[in-house]
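There is one chain below, alone, in structure tokens, taken in the form predicted on its own.
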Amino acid sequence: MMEYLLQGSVLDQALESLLHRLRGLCDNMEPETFTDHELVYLLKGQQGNPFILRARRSLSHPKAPWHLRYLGQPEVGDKSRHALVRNCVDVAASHSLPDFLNEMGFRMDHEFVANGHIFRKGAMKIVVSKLSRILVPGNTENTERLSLSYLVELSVLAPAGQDTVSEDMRSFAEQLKPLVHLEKIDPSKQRH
């Protein structure tokens, strides 16, 4: 599957206004709340870029399965496309996932806690989350907020070639302005 993605941020003081707007625009159901622990693993090969996998578990529902996620490099094709497009594989896994990844030669690069709300509008998923750095590795109780804003992500999983999806996303994102400006982020311009 391909992930179509727009990202932005909203300051803490504007959060309630954004949540109110999303409740009005999204499907008629209460948003899900979540608190997740995510670990980012790297496997360095002979070539330049490492292979990256993300392991995520719910802190709110400890018995739920872990999720292993691979996100491919963004497609650089159509510049008129309104959303970033990348290959995405997401699978459920057992609680021994971190041990398995370590045995396979992956090393944990960093970890964080994300908590927030998930809204849905048809196939679109809107995630509003606060990211916190873990101060002592593995201790999800000892965290520090990364910023004074919330990350806002609008995504759709769809088969390759469904480029009308990005137009629908752009239309939805327009309805969230001026509270949040969702954009196609250029990963080549991000700091590592």
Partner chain sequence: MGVTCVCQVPVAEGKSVQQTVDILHKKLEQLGAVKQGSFCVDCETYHATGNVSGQPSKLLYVMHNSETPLSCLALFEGGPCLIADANFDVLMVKLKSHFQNAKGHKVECRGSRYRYCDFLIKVGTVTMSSSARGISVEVEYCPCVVPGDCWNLMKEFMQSFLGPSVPELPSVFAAKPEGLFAPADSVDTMTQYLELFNKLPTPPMRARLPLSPSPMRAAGSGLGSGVGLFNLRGGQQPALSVPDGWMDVGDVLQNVPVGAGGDRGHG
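Positions refer to the first chain, counted from 1. This is a predicted model, so every value here is computed, not measured.
Only in words, not in the display: the form predicted together with its partner chain, which the text now covers.
Proximity of residue 164 to its partner chain in the model of the complex: non-hydrogen atoms within 4.5 Å are absent; the residue sits far from the partner. At the 4.5 Å threshold, heavy atoms of residue 91 reach its partner chain in the model of the complex.
Contact check for residue 99: a heavy atom falls within 4.5 Å of its partner chain in the model of the complex.
In the model of the complex, its partner chain sits beyond 4.5 Å of every heavy atom of residue 148.
Stretch 49-57 is the contacting one of 124-132, 25-33, 138-146, 49-57, since its residues have non-hydrogen atoms within 4.5 Å of its partner chain in the model of the complex. Within 4.5 Å of its partner chain in the model of the complex, a heavy atom is found for not a single one of 119, 152 and 178.
For the stretch 150-174, the set of residues having any non-hydrogen atom within 4.5 angstroms of its partner chain in the model of the complex is empty.
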